[in-house]
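A single chain comes next, written as structure tokens; it is the form predicted alone.
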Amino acid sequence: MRKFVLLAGLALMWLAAQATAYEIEDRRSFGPDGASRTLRIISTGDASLFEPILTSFLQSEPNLRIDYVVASSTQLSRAIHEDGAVMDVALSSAMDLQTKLVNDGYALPHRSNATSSLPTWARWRDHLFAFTQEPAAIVLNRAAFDGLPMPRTRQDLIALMRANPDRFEGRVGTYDVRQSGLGYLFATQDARSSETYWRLTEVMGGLGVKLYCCSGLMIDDVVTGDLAVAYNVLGSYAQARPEETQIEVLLPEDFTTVMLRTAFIPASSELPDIAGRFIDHLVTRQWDNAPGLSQVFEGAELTRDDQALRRIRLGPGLLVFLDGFKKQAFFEEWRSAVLQ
């Protein structure tokens, strides 16, 4: 009987552990098989996007292997905050969730010549560091707009969808903000910038908008024509696609939200020195040769002719929409607009 109770208890513990485990989308290893050290990186960025930066870093780090884990921004936050995952570097496009993890004490400080050279808007408390600037784009299937003018603003898109519901019914996609941390960040920033966001959301909801976890799947469906429009897609992913001739990547002229991709060293890190060197490598990397990515550096003010680029800035202001009451209120308004 005692043995049965013990086994039952262990089974319950195992089930509880499985229930709280974060979800991994992809996992890749880089470096020599027999390396004595492994740098554990958890990231929201596709492995193909980061492979060049990982392999170039390994050239200066002999006997090191990199374990690169891809997870959604929400799952990354869960891994660090709830599951106690042992990671050396956390990379994410969800600036607000990264800021919260740092604010809650889940990051180690790092100071170097590289991080000190960053502008003040690109680092926070010597714990969180921006290394790229990436726009939120509207991705359009060119064939779906045959005979129609390509929209340049959100209002243009609203007018086209209202005038041509048969063409766009069931063919509009965006993030499910309840699942995607980046989608929630983009949505709250859009709502802060203009009431047009809510009018657009209501129109998309009336057309039976499809909801997605991530940019890559949305872009796939725009390429195939299953979607005519994908709203708030990471521009870097869209501009890097070989099928770009089939799609139009629109940076809206009314305003374009620009996200900073950030990195920090989790408090659980077992290799904080190497993690710090990797962050320095990210910060000093010339990202401008990668489609859709721009390097962060002093004086890198976004100066498009129409002055429509709006960078999300690091700092405690990002925590506002993570407040439980504000988040619930936003979800309720979003649901009423989208889930008609």
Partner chain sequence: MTGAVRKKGSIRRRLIIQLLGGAALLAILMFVVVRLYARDLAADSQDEILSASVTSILDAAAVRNGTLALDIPYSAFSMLGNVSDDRVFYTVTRNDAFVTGYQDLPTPQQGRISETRFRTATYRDVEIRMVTAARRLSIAGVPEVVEVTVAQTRDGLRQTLNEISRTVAMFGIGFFLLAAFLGVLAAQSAIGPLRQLAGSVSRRGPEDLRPVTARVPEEMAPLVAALNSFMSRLKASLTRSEDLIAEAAHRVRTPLATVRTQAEITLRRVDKPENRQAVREMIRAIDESSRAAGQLLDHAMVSFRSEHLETKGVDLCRLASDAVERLRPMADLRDIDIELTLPGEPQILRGDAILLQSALLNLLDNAIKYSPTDSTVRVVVSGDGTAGRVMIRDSGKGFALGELKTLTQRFVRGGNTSGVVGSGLGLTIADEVARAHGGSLKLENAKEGIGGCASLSFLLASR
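On a predicted model such as this, the values are computed, not experimentally measured, just so you know. Numbering follows the first chain given and starts at 1.
Missing here is the form predicted in complex with its partner chain; even so, the following discussion is about that form.
- Across the options 72-80, 103-111, 174-182, 213-221, residues that bring heavy atoms within 4.5 Å of its partner chain in the predicted complex belong to 103-111.
- Here is the short version: of F168, F186, W124, Y237, the single residue with a heavy atom within 4.5 Å of its partner chain in the predicted complex is W124.
- Shown without its partner, this chain lists R192, R142, R162, R199 as candidates; in the predicted complex, only R192 has a non-hydrogen atom within 4.5 angstroms of its partner chain.
- Among heavy atoms of Y22, none comes within 4.5 Å of its partner chain in the predicted complex.
- In the predicted complex, its partner chain lies farther than 4.5 Å from every heavy atom of R37.
- Mapping the unseen interface onto this chain, R27 falls outside it, with no heavy atom inside 4.5 Å of its partner chain in the predicted complex.
- In the predicted complex, the residues of 316-340 lying within 4.5 Å of its partner chain by at least one heavy atom are, in order, P316, G317, L318, L319, V320, F321, D323, G324, F325, K326.
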